[in-house]
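Presented below, as structure tokens, is a lone chain in the form predicted on its own.
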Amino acid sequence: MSAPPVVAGASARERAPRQLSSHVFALSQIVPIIILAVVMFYEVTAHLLLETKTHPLLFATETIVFGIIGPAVTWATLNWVAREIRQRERAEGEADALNAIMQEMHHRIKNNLQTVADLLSLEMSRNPRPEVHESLRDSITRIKSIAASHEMLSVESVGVTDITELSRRVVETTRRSMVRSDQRIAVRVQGPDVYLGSKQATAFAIVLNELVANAIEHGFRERATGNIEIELDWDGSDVWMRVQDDGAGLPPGFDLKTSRGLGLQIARTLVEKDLRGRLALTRNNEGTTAWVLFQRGAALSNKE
């Protein structure tokens, strides 16, 4: 399986800078010779051919300083610069290779997850029981949410992914899977680019899928139209997400800690364990609002 196109582009961008050390090494061989030739030409022309009157000590000093020490210092300096450049190029090459491997790994994981989702879809179409159908559908949307995060990571070149763009892909997949043919549920995502490492981006994708799926399944169970708004933002360290719907709202006496819903249990566990944050659900005048807060710095410290 070939690597994603971005890998080839990155390699092409790196090829030109990697020639710089070779050019500097070549200069270290040529420039001292040119300096020596110029000095010798000057000394021969000025002191021998034109017979310029110069003290022998000055003549020797000029020859030694400009004809020997100058080229030697130039050669040593250019060689040092070339070695430093080559070390940096080698480090960049290793990082490039590792990044290509990680991108290919994410690409393969995405393909494998998509295959699993397709197999579950086939099983769902063969089983008429509603409870089995619903369980398989939920599992498929979770798998596709994970696949979406790996798909984005397979084309990113720094081991992190923009969760705002990831959110758009996840909610669209969830909406297509969960919304009935007689419903018109609009889902909108807004916010700046926020980047997370692969592990937390995957956890975030599943959490968002569960919150949107919960809103569609319970908030709009008996409604034909509705809206879900997802808003993301960050202040340099903390990331927060708001998922708000205008559905039926939370039932009386709802408590997230004692809720027996599998989706909310999964979301709460991932927020607390993987994102090391907090999840809260509140009832508003026109439905339900879910809040997720966690630290962005912890995600970026683990660039995978």
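All residue numbers refer to positions in the sequence shown, first residue = 1. Owing to the predicted nature of the structure, the values given are computational and were not obtained by experimental measurement.
What follows is about the form predicted together with a small molecule, which we do not show.
Engineer: Considering His107, His218, Lys199, Arg223, which brings a non-hydrogen atom within 4.5 Å of the small molecule in the model of the complex?
Structural biologist: Filtering the options by heavy-atom distance leaves His218.
Engineer: Report the residue, out of Val44, Ile33, Ile68, Leu262, that has at least one non-hydrogen atom within 4.5 angstroms of the small molecule in the model of the complex.
Structural biologist: Of the listed residues, the single hit is Leu262.
Engineer: Is Val24 a contact residue for the small molecule in the model of the complex, using a 4.5 Å heavy atom cut-off?
Structural biologist: Contact check for Val24: no, nothing within 4.5 Å of the small molecule in the model of the complex.
Engineer: Under a 4.5 Å heavy atom criterion, is Arg142 part of the interface with the small molecule in the model of the complex?
Structural biologist: Yes.
Engineer: Does Phe254 reach the small molecule in the model of the complex, with heavy atoms at most 4.5 Å apart?
Structural biologist: Contact check for Phe254: yes, within 4.5 Å of the small molecule in the model of the complex.
Engineer: Heavy atom to heavy atom, is Leu293 within 4.5 Å of the small molecule in the model of the complex?
Structural biologist: Contact check for Leu293: no, nothing within 4.5 Å of the small molecule in the model of the complex.
Engineer: Looking at 263-271, 36-44, 234-242, 60-68, which one sits within 4.5 Å of the small molecule in the model of the complex if you count heavy atoms only?
Structural biologist: Single hit among the candidates: 263-271.
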